[in-house]
Structures are given as structure tokens and as C-alpha cells.
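What follows is a single chain, given as C-alpha cells, in the form predicted alone.
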């Protein structure tokens, strides 16, 4: 039981993603945002989380997925980043999954290289694939672009 990895899961474009549950601060509904001029495209704004200013990153834009359809509002997965809390905007929240290490594999070759570099690896579940997000790379913008 000690070898299990616990992942907080969420969905983007019908695909299941996960991040280590220890890096998650909280999960909250959509919050109004203040736009950030000259920010990378996937940085969609700042939210006020009980007095704490938190940068919001749209994971659809960061992973180069199609835009969210219609009037659907994203959810916020607030994680602990190197410089404080960061909000990752996702389509839908899943649950916490306990995963065995023997189900771990490298990211699929079929993914685009830009998305593949943001994925740590995958786990094959009974009925779907779970992509594990590399939160350090996802929240870092080395040259100011996506």
C-alpha cells in the first residue's frame, strides 16, 4: 500500500489528467479574474483567493487543446508552485486515484511534442488512460511565451 501514488484527477477535452495530491492546495469553482497585460497566452489572469493573489493558467491553452466550448466555466485546481499558489483551470474535477507503480508508462509517442514535454507519464486504468501532468514545467515560462 505504501508504493501507491495518490493523484488528484481532472478532465480536459474528455481526457483524464492527474497531479500528485500532495501538491494540491484546494479545488474551487470558477473565480472572476483580472487580466494580466503582456503575459503568456495561457496565463489568463489573476484571482483573489481570500486575499492571496493567484496566477491562473488555462491548461487547455497550455497543452494546446481546443478552446472550451460554449458558456462552460472552468474549475480551479490550486497548487503549490515554486513562487506560491497557482491556479490551473480545468474542465471538470475528478477524484483522488490511488495508482500502483507497475501501471506507469512513458508519455505516448502520439502526443504532440509541446504537450508531451508537459506530461510526466501515464497510467493505464481499467477503462482509460491517465496522463500525469508535470506541474513544474507546466507552470514555468522560460522565455515569456507558451
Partner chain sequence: MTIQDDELQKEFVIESLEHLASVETQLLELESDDDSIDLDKINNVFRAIHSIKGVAGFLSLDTLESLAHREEEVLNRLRNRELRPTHDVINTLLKATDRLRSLLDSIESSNSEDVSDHIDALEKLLADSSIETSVSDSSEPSHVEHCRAVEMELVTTDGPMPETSAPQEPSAPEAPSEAGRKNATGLRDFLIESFDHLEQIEAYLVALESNPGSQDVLNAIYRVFHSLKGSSDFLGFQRTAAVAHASEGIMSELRAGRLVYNTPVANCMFQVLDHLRKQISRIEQLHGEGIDDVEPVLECIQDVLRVMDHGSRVPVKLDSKRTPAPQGIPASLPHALESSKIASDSAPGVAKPSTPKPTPAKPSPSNNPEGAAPSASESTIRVDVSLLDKLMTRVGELVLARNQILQFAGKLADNDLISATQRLNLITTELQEGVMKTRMQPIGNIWSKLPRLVRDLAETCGKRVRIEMQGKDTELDKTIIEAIKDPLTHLVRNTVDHGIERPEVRVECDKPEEGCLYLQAYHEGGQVNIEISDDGAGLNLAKIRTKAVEKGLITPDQASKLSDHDTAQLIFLPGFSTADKVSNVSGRGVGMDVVKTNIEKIGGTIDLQSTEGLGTSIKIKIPLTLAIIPALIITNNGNRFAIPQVNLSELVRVDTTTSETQIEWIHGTPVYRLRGQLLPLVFLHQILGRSAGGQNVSESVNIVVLRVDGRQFGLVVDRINDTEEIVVKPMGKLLKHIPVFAGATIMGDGKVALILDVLGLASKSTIVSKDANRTGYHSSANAANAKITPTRQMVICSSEDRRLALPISQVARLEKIPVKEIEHTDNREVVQYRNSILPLIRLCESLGIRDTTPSSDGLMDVIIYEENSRTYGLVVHRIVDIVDATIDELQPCNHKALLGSTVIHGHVTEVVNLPAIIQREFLGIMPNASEGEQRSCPE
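Remember, it's a predicted structure, so these values are computed and weren't measured experimentally. Numbering follows the first chain given and starts at 1.
Below, we turn to the form predicted together with the partner chain, even though it does not appear here.
Contact annotation: of the candidates 118, 59, 99, 86, the single residue with a non-hydrogen atom within 4.5 angstroms of the partner chain in the model of the complex is 86.
The contact residue chosen from 95, 35, 105, 109 relative to the partner chain in the model of the complex is 35, the criterion being a non-hydrogen atom within 4.5 angstroms.
In the model of the complex, the partner chain sits within 4.5 Å of a heavy atom belonging to residue 51. In the model of the complex, the partner chain sits beyond 4.5 Å of every heavy atom of residue 65. Though the partner is left out of this view, residue 79 does not reach within 4.5 Å of the partner chain in the model of the complex, counting heavy atoms only.
Interface residue remark: residue 46 is counted as part of the site for the partner chain in the model of the complex, having a heavy atom within 4.5 Å. Annotation: in the model of the complex, residues 39, 55 and 139 each come within 4.5 Å of the partner chain through at least one heavy atom.
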